[in-house]
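In structure tokens, one chain follows: the form predicted alone.
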Amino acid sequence: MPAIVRIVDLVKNYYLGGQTVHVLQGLNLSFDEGDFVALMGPSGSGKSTLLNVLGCLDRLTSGQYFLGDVDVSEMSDDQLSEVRSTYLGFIFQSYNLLPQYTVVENVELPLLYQGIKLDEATKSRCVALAELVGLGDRLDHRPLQLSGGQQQRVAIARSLVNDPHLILGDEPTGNLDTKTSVEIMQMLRELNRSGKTIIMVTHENDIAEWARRVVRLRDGRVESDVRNDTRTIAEMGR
């Protein structure tokens, strides 16, 4: 599989009160199309910062970030916004749903931000995605009428509406109980098996086991990079 993401000598610093905080220190990583990667590491290791850079939510200080063959580190803010809305899908720990919107309307949001005219065709697609994640009987419900797991399912459907090249998850099971976490990870694994590339941050080893590859960061550097592909489902206790 070709690399969908490649970062070269990636450095990210923050400047706080005259002090320089070195968060990412010369990372070199490549992620293949169709892979499922868990980013792990202790607090302050740089995993969330790396996810923000990959999601074009934050700029790197130096180095290069290739999304496919394009160096997005050279892009303008408007171009980065276009990349976020067209090529990337996001799943957040806090769901980030609009409380006044229904399930279908929340799924539609990325299309609205792209300036796409919402019509019966787009609504049908959003309904189909809601049904895909098991919310066919909750289409007109609002977030406060849904459980945490159901809200995360809405977030997953929303992440798929623009048919993204890459799905980025920031602690996608962080607010969920064990049973619901397993259901969400089963869903993400099925999406990965269908061809979606997923990179997620997690601090939980049992969640990382669902991924095909685990990259651990420490002090802004890669501590280990291990594949889970050789482990069987039985060994994982699934």
Partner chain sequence: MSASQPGLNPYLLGGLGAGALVVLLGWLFLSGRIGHGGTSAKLRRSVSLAVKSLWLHKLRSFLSVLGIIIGTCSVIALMSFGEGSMQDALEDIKRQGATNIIVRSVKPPDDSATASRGFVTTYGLTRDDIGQFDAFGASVSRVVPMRVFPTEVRYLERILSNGRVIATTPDYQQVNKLELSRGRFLVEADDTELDNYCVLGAEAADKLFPYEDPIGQSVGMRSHFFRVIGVIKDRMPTGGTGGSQAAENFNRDIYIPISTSRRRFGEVIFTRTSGSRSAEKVDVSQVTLTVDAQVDTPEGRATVKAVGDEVKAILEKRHARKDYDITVPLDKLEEAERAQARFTALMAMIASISLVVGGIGIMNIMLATVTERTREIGIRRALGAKRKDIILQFLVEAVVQTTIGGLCGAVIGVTAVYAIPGAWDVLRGWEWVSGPALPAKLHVTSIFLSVCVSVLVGVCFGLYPAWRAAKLDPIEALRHV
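From a predicted model like this one, the values you see are computed outputs, not experimental measurements. Numbering follows the first chain given and starts at 1.
Separately, the form predicted together with the partner chain exists; it is not shown, and the next lines address it.
Asker: Look at the stretches 128-136, 67-75, 85-93, 144-152 and give the one with heavy atoms within 4.5 Å of the partner chain in the predicted complex.
Answerer: Answer to the contact question: 85-93.
Asker: Within 4.5 Å, heavy atoms only, which of Thr61, Thr180, Asn52, Ser30 is in contact with the partner chain in the predicted complex?
Answerer: Partner contact (heavy atom, 4.5 Å) among the options: Asn52.
Asker: With a cut-off of 4.5 Å between heavy atoms, is Leu98 one of the residues that contacts the partner chain in the predicted complex?
Answerer: Close contact exists here: in the predicted complex, Leu98 approaches the partner chain to within 4.5 Å, heavy atoms only.
Asker: Would you check, heavy atoms only and a 4.5 Å threshold, whether Pro164 touches the partner chain in the predicted complex?
Answerer: Close contact is absent here: in the predicted complex, Pro164 is far from the partner chain, nothing within 4.5 Å, heavy atoms only.
Asker: Between the partner chain and Ser81, Leu109 and Gln114, in the predicted complex, does every residue show a non-hydrogen atom at 4.5 Å or closer?
Answerer: All of them do, each having a heavy atom within 4.5 Å of the partner.
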